[in-house]
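Below you will find one chain, with nothing else, as structure tokens; this is the form predicted alone, and questions on how it binds or moves follow later.
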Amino acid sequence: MLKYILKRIGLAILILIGVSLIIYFLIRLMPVDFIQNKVNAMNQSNTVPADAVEKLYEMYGLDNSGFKGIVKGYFNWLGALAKLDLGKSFVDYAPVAEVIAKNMGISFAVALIATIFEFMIAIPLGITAATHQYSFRDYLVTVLAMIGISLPSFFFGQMLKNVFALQLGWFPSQGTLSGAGSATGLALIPDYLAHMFLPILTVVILSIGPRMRMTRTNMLEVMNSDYIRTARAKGLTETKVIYKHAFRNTLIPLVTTLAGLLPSLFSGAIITEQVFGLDGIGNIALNRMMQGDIPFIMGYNMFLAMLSVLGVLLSDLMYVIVDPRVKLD
């Protein structure tokens, strides 16, 4: 096991270097120019001289946009990364790690709560749809899942917002706090929950469909296996057949999805955060992308790449727990 983990860590380092190389070159080739945007904001009456603009490019390390300059900039960034330094954000004038940590809380809370409810709802629905195949229950669950898959997040989020926030007034429509009152500490929790309800509901409903369909498909495949018929022939109750024998083997494909679960907890729901005006990391990342904040974009994407590689490793290790027949050598 230890040998396998060390081998995967070495492979992960090579993958991350390759990912960082691709991301850096793509970002440096973006049409968005942070310095030019900054100059345009100051240059209302053509008062910024050309030598000042050149000094700005030099100060931010963007003075050479040729191939050699990009390569030099990449190795400078890679050397800083080796020292666990993600650089300093152009926009925030603060270390990228601090900016990510500061804006991660809201996105992580929304994603974690939504993921918990997603599993609690999608897996039982998938099981009941599979065990009652071609029944009204199966068709109803499948139709609801297809509706959730088909609806765009910006449309569904805006629809919930219009109905429950703007028309009925049951929930706030924007932000994470009302901004009024003198409540502090635990007294702010109801206000946070009121603001987070609609974004979480949006993410949950739109995420249930794919996981429910996967659970249903895997359960149907397992339920037709010989050992399931043998378990029934031995006189086991249907509950034991489904949850002790069938569902345990259904977990094996579901474990594969854990690889993408870890980065999804920290990546933020960009569109949902835009619709509900949340100051989450997804919304911040989109704004920094549009502003050409190269250090933040690099740091944020590499952070997600590291989580993705870690998620794949944890997924492989979980196979051993779910299926004892799997051996990692």
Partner chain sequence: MEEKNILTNENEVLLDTAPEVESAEAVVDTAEATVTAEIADESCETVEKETAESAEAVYEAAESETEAAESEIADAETEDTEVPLDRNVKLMSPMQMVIRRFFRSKLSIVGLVMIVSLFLFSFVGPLVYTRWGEIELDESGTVSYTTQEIEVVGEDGTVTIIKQTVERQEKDNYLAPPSKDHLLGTDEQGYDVFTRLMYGGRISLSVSFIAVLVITVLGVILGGIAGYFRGFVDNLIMRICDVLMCLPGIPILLIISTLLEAAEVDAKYRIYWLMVYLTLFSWPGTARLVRGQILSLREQEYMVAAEAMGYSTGRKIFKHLVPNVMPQLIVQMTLSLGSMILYEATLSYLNMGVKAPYAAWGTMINIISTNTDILQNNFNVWGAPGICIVIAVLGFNFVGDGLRDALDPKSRR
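What you see is a predicted model; the values in this text were computed from it and never measured. Positions refer to the first chain, counted from 1.
Only in words, not in the display: the form predicted together with its partner chain, which the text now covers.
Screening 116, 236, 151, 188 for any heavy atom within 4.5 Å of its partner chain in the model of the complex leaves a single hit, 151.
Residue 164 falls outside the set of residues with a heavy atom inside 4.5 Å of its partner chain in the model of the complex.
The closest non-hydrogen atom of residue 82 lies beyond 4.5 Å of its partner chain in the model of the complex. Interface membership of residue 308, defined by any non-hydrogen atom within 4.5 Å of its partner chain in the model of the complex, is confirmed. Interface residue remark: residue 318 is not counted as part of the site for its partner chain in the model of the complex, having no heavy atom within 4.5 Å. The stretch from 136-144, 103-111, 241-249, 84-92 that comes within 4.5 Å of its partner chain in the model of the complex, counting heavy atoms only, is 136-144. Residues are counted as partner-facing when one of their heavy atoms sits within 4.5 Å of its partner chain in the model of the complex; in 213-240 only 213 qualifies.
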